[in-house]
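Next up: a single chain in structure tokens, the form predicted alone.
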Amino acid sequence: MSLVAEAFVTQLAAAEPWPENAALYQQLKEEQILLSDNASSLAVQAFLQMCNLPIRVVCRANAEYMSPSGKVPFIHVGNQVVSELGPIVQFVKAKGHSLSDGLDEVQKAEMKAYMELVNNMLLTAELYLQWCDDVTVEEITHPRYGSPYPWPLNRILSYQKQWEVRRKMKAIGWAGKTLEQVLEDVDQCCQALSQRLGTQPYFFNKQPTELDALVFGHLFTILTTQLTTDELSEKVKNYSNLTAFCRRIEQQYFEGHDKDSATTVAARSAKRSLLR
């Protein structure tokens, strides 16, 4: 299919109403999914909840390989498959749902800058911790990532992914960083987010945007995921307005919606909750 024909088909699909059977795909919740993918999945779920669009979470061991971009989460809506938050935001906007239409151009530029900050700092730090910190790799990452597969496939897939991520870290200049330097980057990111949020309920005052969904996805997952140490979550806990922000979104958009929602599962599997 030509690019023009593909764009036309996509435009037609976007014009259709949001179906009740829309599905979001991610890896297995309890035994497989890693911190970074769980955060990205939760960010998309939060965004769709904020848009009041129903979504059913489907867990598949091979979700990463099912995705058109090789990354999770991805959504299946009608005959369309779209992966990652940015493209999903654009797809949803084409269907007439937007969280940021009320912002002016300056605010939209600022929102995008903070989203880049989160992706460049928090997401990269999560990947570093998962695949470059030797203790985390051996105790958490390799066992979880390869858990659905028999030996030796489980180890082969884990080492392939580790090589891929470490090559990326080298390309962006993170390979030579120590864990302490990475945690300092996380702290600086949280400080910037905390200052921007201030005492507002959301980053742009009273209404959430995709930035709020992205930040919630990463911070909530960091706060509720059991790692080898608490050093990462402690960086977030140093900023009380960020933890209050996570509690607010959890209560408003997830509690009572689904007893097996992503936030409920995350807190339950980590044996901790933001609301205690």
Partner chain sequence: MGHIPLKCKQSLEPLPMGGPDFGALGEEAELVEVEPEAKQEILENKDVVVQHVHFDGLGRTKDDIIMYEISDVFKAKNLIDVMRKSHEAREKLLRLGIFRQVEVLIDTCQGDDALPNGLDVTFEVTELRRLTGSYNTMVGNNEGSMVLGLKFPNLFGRAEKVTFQFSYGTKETSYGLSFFKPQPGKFERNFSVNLYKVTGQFPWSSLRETDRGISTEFNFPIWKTSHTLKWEGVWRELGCLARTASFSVREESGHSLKSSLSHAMVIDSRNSSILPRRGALLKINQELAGYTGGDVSFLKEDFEFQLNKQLLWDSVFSASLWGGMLVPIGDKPSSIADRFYLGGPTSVRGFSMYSIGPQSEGDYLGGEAYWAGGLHLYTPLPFRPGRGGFGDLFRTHFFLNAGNLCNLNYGDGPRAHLQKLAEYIRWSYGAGIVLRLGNIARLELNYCFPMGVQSGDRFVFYTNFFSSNWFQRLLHFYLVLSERIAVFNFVYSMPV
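Every value quoted in this text rests on a predicted model; they were computed, and no experiment measured them. Positions refer to the first chain, counted from 1.
Omitted from view is the form predicted in complex with its partner chain, to which the following refers.
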The one residue among T243, S233, S67, Q49 placing a heavy atom within 4.5 Å of its partner chain in the predicted complex is S67
With the partner omitted here, the residue among I156, A113, A175, V135 that in the predicted complex has a heavy atom within 4.5 Å of its partner chain is I156
*asked:* My question is simply whether R144 lines the interface with its partner chain in the predicted complex - judged by any non-hydrogen atom within 4.5 Å.
replied: no
Q.
Is P152 part of the interface with its partner chain in the predicted complex - any heavy atom within 4.5 Å?
A. yes
For this session: Examine Y128 and determine whether its closest non-hydrogen atom to its partner chain in the predicted complex is within 4.5 angstroms.
Result: no
*asked:* How about Y25 - does it come within 4.5 Å of its partner chain in the predicted complex, if we only consider non-hydrogen atoms?
replied: yes
Exactly one listed stretch (196 to 204, 175 to 183, 144 to 152, 96 to 104) reaches within 4.5 angstroms of its partner chain in the predicted complex by non-hydrogen atoms, and it is 144 to 152
Contacts from 75 to 89 to its partner chain in the predicted complex (any heavy atom within 4.5 Å), listed N to C, are H76, V81
